[in-house]
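Only one chain comes next, encoded as structure tokens, the form predicted alone.
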Amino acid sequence: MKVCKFGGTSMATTQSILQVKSIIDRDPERKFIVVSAPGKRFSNDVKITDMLYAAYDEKVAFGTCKSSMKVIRERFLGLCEELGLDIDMNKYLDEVEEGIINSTSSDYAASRGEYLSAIVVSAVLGFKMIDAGDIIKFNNNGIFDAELTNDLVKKYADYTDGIVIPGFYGRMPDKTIKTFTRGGSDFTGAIIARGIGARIYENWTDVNGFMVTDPRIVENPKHISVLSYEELRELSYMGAGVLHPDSIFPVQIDNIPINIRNTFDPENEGTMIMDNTAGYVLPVVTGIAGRKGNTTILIKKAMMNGELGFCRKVLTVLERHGISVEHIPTGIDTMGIVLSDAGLKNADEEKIISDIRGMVNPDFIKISHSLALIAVVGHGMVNQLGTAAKIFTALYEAGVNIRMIDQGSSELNIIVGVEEKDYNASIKAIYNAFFG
């Protein structure tokens, strides 16, 4: 049996939903369908989820969300009319509007795009709809309860008549709705795949799988046909946004492959993601990804390496300020800490620096912004001579100054930090060095 997750572009229009039906009808194994909220129909359009957030904001400001809901109603009623569905969609839309007015957080509103999508798609396919809140569970602390959820999903493993499940959300013990982070429908699909013991998890989107690097930077980059779970994690975390980076965890437990496919080019085999890529001919570098928006804290202190607990003390300060750390490149007398700008959004940088001074009394401390991180990822790099030299030579020849170098102990990736202004040039230079 296969689990198929369809993204927002697949849910956006009547034509795309009919394309989804065609894909499902072609393969009798496609019986478990996870859907996202409708995405953009054209470049200046607004995603349904963003409309629903706006509805919640309207409710907070004015006690009503009728204005925002009017646009959402038109969108779903239009879909039902064009698809010729005989369902009372207004009943569900009334339920959503009332629920938003009575809710105390935006999670309920944010989840309703997937919920309404599932109602539409289940009617189109003639499949049973199961509310994600009935099977996806969180504990009292808002943490996803993997084992309880797996037990609830497993009950449907032998169901062969077809099921549609909304992605992105579940339910707390007190029955309130709790959402995953944006893109969480990918995670829902992986949860269902594990629970029913799927043969494969197909994730249908609007691209033909993973490219070696960002096509907005490098024109027509090569396609990646096979990825390992570990390579996926590295590339997704560093900005390759085809799949939610947490999606591998449920399927990895039972070694279920993920196949990234294109709803609008269903004959393309896409990218296969699996635990073991042994037996495949692998390039030295599988993918190149990166992200801007990072900050570094540079600390210098003579004999730092001999000072017991030095790193722990610095990290304790950051923990106390609620800041997670991305990378920690170190030397004998230096320590670099890389933080995401998003994680520093509400932080008092001067207070952080002052607290570090008070904790470890450094000789020098400086905070710098505008750092871009670029990860060069691939199992083929293991024991391959000259990989790092090729990266650094390419950057040198492109006139790029390297501010940071970090390599994981598994030799799966090499991460370099460059100025944000050099980001695109760096991606192009590294790509051309290995694929140009």
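Since the model is a prediction, treat every value here as computed from it, not as a measurement. When you see a residue number, it is the position in the sequence shown, counting from 1.
Another form exists, predicted together with a small molecule; not displayed. Remarks below refer to it.
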| item | value |
| --- | --- |
| The small molecule: the contacting residue among V242, L79, I337, V153 in the predicted bound form [heavy atom, 4.5 Å] | V242 |
| Answer option from R312, R216, K351, R199, heavy atom within 4.5 Å of the small molecule in the predicted bound form | R216 |
| Stretch from 200-208, 361-369, 248-256, 300-308 whose residues place a heavy atom within 4.5 Å of the small molecule in the predicted bound form | 200-208 |
| Partner proximity in the predicted bound form: S426 to the small molecule, non-hydrogen atom cutoff 4.5 Å | no |
| Partner contact for N413 in the predicted bound form: the small molecule, 4.5 angstroms, heavy atom | no |
